[in-house]
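Next up is one chain by itself, shown in structure tokens, the form predicted alone.
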């Protein structure tokens, strides 16, 4: 085996010799295979991990891969395609686990037949519920329910949709039962709810578990697409009342179009991996600061992208997933468990009354001191500390799972809080020293196709705006 110092040098040279802008992937198709079967916030585009894996395989072949923040499973699928024997993925969000499972499980059954059979059964279901579907809007109008009502109007549609619809269905002696979803009426118009339940009931009749899960992923995406939430945003904001009042989504076609697209992507994946055995996939949704399900000193390579900061002020993964998790009944989570997802993610612990910073990072210490120059910033400084405290714990847990000389690739973003820059890339390097992690190099990339606007106003001062994150950094570490 080559000396590790030599491999480090070769890797630095290989990555440094890549063309300028190589990691931006502005013109690349980032929706290949099953990578785009379900929308998800802040996804790491697959060419990043694909190219890391390709280059690493030339200098340091590996067999066990870990992504402790797997999100929708991008790194895991690329690991399988790259020939890894085992890939481990973890995420605290159950929806992430379900998407990752669907994305990385090759379905061998006849997908065209399954789609055709489901479409025919769905048509028959719709025909049997014709009167129910056609009369619901009149029923809502006659009972003076306001479908634009706010959640706090407890006797109206917004908060009482489940009871209203089940009372309505009982008049037809229907076997259809609307699930008790919190504030369902605020996020869905009446006919939409009934149509979703028709589709949902039919999906649960599929006996093949992998096929049922794949059909359910398309349903999960459909619940988002036909809901009253504003398009193009990951946080929960309902569209304007006047739009809700006339909103009539085509639920059946939305679902079938989504399912058809997903089936095409699965067929592409099947073709890509034909005549070869794929490695094992291990998925969990547990605390990344512990990673109990991953064996100690087993991992050869880590590729991951942690959140940029606490969910409350950055990407609210739990909010994005809330409606899907309720409709799909994943793990039969209670509503409280679902709304607490963001609280349990990194930076969820509150330090409103102060904190003692004992993290070994000079860069973090300087940033916190700068934020705390204004005493009114104590709570925000606590949020920052909470996030990096969790990141430190995750870094320690991940390193514990790594073999000696395993490489870690962390794709991070440097954000600004109270006009103070937080250099996560440097903080990560400094925190890594206590765990015996050697900094090999850091590469930068421009973020293409951002959902977030290029400018925002975090201070709420009229006209005063700052740049949002437009760049990511790839930090490469090695466990010595």
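This structure is a prediction, so every number in the text was calculated from the model and none was measured. Numbering follows the first chain given and starts at 1.
One more form of this protein should be noted, the form predicted in complex with a small molecule, which is absent from this view; the next part is about it.
K.L.:
If we define contact as a non-hydrogen atom of the residue within 4.5 angstroms of the partner, is residue 405 a contact of the small molecule in the model of the complex?
P.N.:
No, no contact at 4.5 Å.
K.L.:
Is residue 43 close enough to touch the small molecule in the model of the complex, meaning at least one heavy atom pair within 4.5 Å?
P.N.:
Judged by the heavy-atom cut-off of 4.5 Å, residue 43 is in contact with the small molecule in the model of the complex.
K.L.:
Does residue 79 reach the small molecule in the model of the complex if we count a contact as any heavy atom within 4.5 Å?
P.N.:
No, residue 79 is distant from the partner.
K.L.:
So in the model of the complex, does any heavy atom of residue 89 sit within 4.5 Å of the small molecule?
P.N.:
Residue 89: no, not in contact with the small molecule in the model of the complex.
K.L.:
Under a 4.5 angstroms heavy atom criterion, identify the one residue in 213, 287, 137, 393 near the small molecule in the model of the complex.
P.N.:
By the 4.5 Å heavy-atom cutoff, the listed residue in contact is 287.
K.L.:
If the cut-off is 4.5 angstroms on heavy atoms, which of these, 305, 361, 258, 156, is the one near the small molecule in the model of the complex?
P.N.:
By the 4.5 Å criterion, the partner-contacting residue is 305.
K.L.:
Since the chain is shown here on its own, which stretch among 338-346, 123-131, 143-151, 213-221 would lie within 4.5 Å of the small molecule in the model of the complex, judged by heavy atoms?
P.N.:
Every other range fails; the passing one is 338-346.
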